[in-house]
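First comes one chain, alone, set out as structure tokens in the form predicted on its own.
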């Protein structure tokens, strides 16, 4: 049965991208362990507003683990100490009475801080725009069995497509690499026949845009896979490397 706990929140406050940030600590009392982590932040902000203070800025949208916007670094982990979930799916029952919870924004050159805990994640959108789509005119809705695709390939493509683009992979990587994200977006097309006509152009364009936006290189430490809320496999990175090398050989 969930109970109420008293906690301390050590949260990163930063008034703007070029302003020096700092940690501030707040106390919260009688927080239900059944509350989600974002609901706890809502309670904190209500308390701050009632005290005449400035609420903590953080990003969120669906609160259902789909949009990937709830990008918070909690106690040294992207999205918090639980596994295979986004921040909005994290509940306060994972924390103990009297615990101090440290909350930071994503730490990556590709994700500059906008304010407090909100970062600019538009770099991922730019990578998608560089090549993460299929431009073939497929006409109307085809019959489900008109293009035969092996079950294993379809499943791997769907697993890769589960990536929500939250940025946890880049935030946890010691190099700030976005390779897991890019490889997932390349793989979801590379595994299907609809994605093959543009495969070479896609791999080169997305990797080039990733490097242009300041993301680091992959050194295969596997931290991205461990912290990914959707359990995207690093085998996709191997597939991206093959796609990229094949494209370069064709050149």
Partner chain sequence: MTQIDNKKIDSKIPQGTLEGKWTNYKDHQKLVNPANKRRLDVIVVGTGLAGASAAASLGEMGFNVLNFCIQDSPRRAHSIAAQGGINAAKNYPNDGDSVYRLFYDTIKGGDYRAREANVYRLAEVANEIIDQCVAQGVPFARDYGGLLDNRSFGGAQVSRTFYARGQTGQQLLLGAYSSLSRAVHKKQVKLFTRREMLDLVMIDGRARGILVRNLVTGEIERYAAHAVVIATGGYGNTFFLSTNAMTSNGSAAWQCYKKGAMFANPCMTQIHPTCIPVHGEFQSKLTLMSESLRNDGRIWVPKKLEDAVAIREGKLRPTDIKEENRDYYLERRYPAFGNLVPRDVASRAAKERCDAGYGVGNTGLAVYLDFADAIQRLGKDVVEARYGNLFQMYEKIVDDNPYQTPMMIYPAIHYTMGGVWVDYELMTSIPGCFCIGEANFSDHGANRLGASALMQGLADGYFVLPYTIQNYLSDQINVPRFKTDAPEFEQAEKEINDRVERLMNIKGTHSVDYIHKKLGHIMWDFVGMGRDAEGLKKAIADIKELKKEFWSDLRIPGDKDKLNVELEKALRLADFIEIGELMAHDALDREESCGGHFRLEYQTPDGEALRNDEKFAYVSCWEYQGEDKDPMMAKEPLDYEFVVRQQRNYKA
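Positions refer to the first chain, counted from 1. All of these numbers come straight from a predicted model, not from anything done at the bench.
What comes next is about the form predicted in complex with the partner chain, which does not appear here.
### Query
Mind checking whether each of 63, 114 and 132 has a heavy atom within 4.5 Å of the partner chain in the predicted complex?
The answer is yes; 63, 114 and 132 each reach the partner chain.
### Task
Decide whether residue 99 counts as a contact residue for the partner chain in the predicted complex under a heavy atom distance cut-off of 4.5 Å.
Result no; residue 99 lies far from the partner chain in the predicted complex.
### Task
Report yes if any heavy atom of residue 27 sits within 4.5 Å of a heavy atom of the partner chain in the predicted complex; otherwise report no.
Taking the distances in the predicted complex, the answer for residue 27 is no, it never comes within 4.5 Å of the partner chain.
### Query
Does the 4.5 Å heavy atom contact test between residue 69 and the partner chain in the predicted complex come out positive?
Close contact exists here: in the predicted complex, residue 69 approaches the partner chain to within 4.5 Å, heavy atoms only.
### Message
Is it the case that residue 192, even though its partner is missing from this view, gets within 4.5 Å of the partner chain in the predicted complex, heavy atoms only?
### Response
Yes - in the predicted complex, heavy atoms of residue 192 and the partner chain come within 4.5 Å of each other.
### Message
Given a 4.5 Å distance limit between heavy atoms, list every residue of 23-58 close to the partner chain in the predicted complex, or none if there are none.
### Response
Going through 23-58 in order - heavy atoms within 4.5 Å of the partner chain in the predicted complex - the hits are 32, 34, 35, 39, 42, 43, 46, 49, 50, 51, 52, 53, 55, 57.
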